[in-house]
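Only one chain is shown below, in structure tokens, and it's the form predicted on its own.
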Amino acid sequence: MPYGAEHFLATGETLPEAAYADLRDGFDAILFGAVGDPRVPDGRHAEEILLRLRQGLELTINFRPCRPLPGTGPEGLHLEVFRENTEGPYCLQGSTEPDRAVDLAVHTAPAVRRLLEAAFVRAAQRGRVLTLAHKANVLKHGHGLWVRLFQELQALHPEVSARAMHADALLCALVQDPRPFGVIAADNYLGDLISDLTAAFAGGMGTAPSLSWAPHRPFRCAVLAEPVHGSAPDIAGRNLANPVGMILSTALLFRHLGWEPEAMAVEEAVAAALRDGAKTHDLGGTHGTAAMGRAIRERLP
């Protein structure tokens, strides 16, 4: 589909209602590239496309795994961030006055509970500790709701080792040693920051995949895959972008749809290319975007 900055600048159109309805009702999944362009300084097209898809399709759960690839980070690390994807301060509610600006953060029990339930289930599957990142010591209302629901679900999942941590202490502990962490749950804002930090353990933003889905599936289309890195307009068209995040996001999408052999094949091809020395500039190599893509494709069965 053509929707993005070029289309917006040429037509003034972001994501038309007919196209949104088609995505919502006519597709099983979305593979999303990235939006954001300095030629649209207010970022309106990016907000109206990506945030509308996340919020309109009720894609509550944003899953961001951190598992270093060959030569990109500490071996044996495997942590996962579950980020609420539709609320918090990214709900775009607020106001700006000459000497005062307000951004509202909205948290609702249904969305928080969906995110936390998915995180508890995942922690149980992996047999790893679940950590809630919060600032309820200051944000007593919104993050207070998160802590209360976390404690309620903790009582329902006695098989999971779970703890709540102030986000600043959690970030400090992550930088010192990320290995004790298994699954981290957080609201939209903190989850965004934490998952960008964990991406550094796996080679940086260029390698980080993500997947968003609606566990309650209100529409036919209930899953969207996208790389974490955003659009990087400063290197657009220069054959410098790392395609690994996009490719691994596709693997996450395959796995979510039940295509496990295909997901594993893609992940193994990426790992094999890196083991054989194929790396983009951000990973200390010399491969451009196209060459890295070819190196991965050549290793697919």
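From 1 onward, residues are counted along the sequence shown. Because the structure is a prediction, the values reported are computed rather than measured.
What follows is about the form predicted in complex with ligand IPM, which we do not show.
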- Message: Considering non-hydrogen atoms and a 4.5 Å limit, does ligand IPM approach Arg64 in the model of the complex?
- Response: yes
- Query: For Glu117, is any heavy atom within 4.5 Å of ligand IPM in the model of the complex, or not?
  - Reply: no
- Is Tyr90 close enough to touch ligand IPM in the model of the complex, meaning at least one heavy atom pair within 4.5 Å? yes
- Query: Does His45 make contact with ligand IPM in the model of the complex, using a 4.5 Å heavy atom cut-off?
  - Reply: no
- in the model of the complex, the residue from Leu211, Val112, Val228, Val160 that sits within 4.5 Å of ligand IPM by heavy atoms: Val228
- Among 144-152, 128-136, 82-90, 214-222, which stretch sits within 4.5 Å of ligand IPM in the model of the complex, heavy atoms only? 82-90
